[in-house]
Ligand SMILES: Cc1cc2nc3c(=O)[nH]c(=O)nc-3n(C[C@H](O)[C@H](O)[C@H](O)COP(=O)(O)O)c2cc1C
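The data below hold one chain only, encoded as structure tokens and taken in the form predicted alone.
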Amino acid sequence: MTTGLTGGGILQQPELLQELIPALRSVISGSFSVKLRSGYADPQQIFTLLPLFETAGVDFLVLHPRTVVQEYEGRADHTVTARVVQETGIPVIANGDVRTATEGLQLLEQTRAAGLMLGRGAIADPLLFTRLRQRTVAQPDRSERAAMLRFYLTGLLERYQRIFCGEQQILGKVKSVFACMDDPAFARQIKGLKKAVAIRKFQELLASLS
């Protein structure tokens, strides 16, 4: 949870947004978007902010329909998303709990949102973007998912080796994505990868993932 007046925490004092949003709009020459939760503790708070966003000239909203205090508990309430779409002319990007192409396409149809933002679902399944764009709802089989995970984690490891120093720091950064991966078919292999304490061992385990 954000306790300071940054990120979602600023929703504790929404009056500050009355100055902040127009000021940002005035100095941003390109597209100006606002990503936010539906409220700090009240999921209906978003509706009190829509007039400000409209008057300030916000180009689009990215809405995650949980409150800040909820963090990631429960389910994102996309009935709120649908109502926001109905009540504003600002394009709305729906965010929250999209884990499959079926869920994403249904969400677009049910809410009439202008698009989707993917977070944890895309970390767990990087091919989710492709299936949504192609409107392919069939889930990949085990061999395809294994190949995807090997490609994804190998690329992540290589990139983090360029950015960070020390095997423990590098592996710690890579392993952080496992919190979003809940495919039971690979639970045993991922458990082994989590236990790896050397990059070489991690690479060996990754190569054998199938």
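Counting begins at 1, following the sequence as shown. All figures in this text were calculated on a predicted structure; none of them were measured in a lab.
This protein has a second form, the form predicted together with the named molecule, left out of what is shown; the following refers to that one.
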Heavy atom within 4.5 Å of the named molecule in the predicted bound form - residue from K35, K175, R145, R159
K35
The named molecule in the predicted bound form has a heavy atom of only one listed residue within 4.5 Å, and of L105, I90, I123, L127 that residue is I123
Which single stretch, out of 92-100, 79-87, 130-138, 105-113, brings residue heavy atoms within 4.5 Å of the named molecule in the predicted bound form?
92-100
Using a 4.5 Å cut-off on any heavy atom, which residues of 65-83 would contact the named molecule in the predicted bound form?
Y72
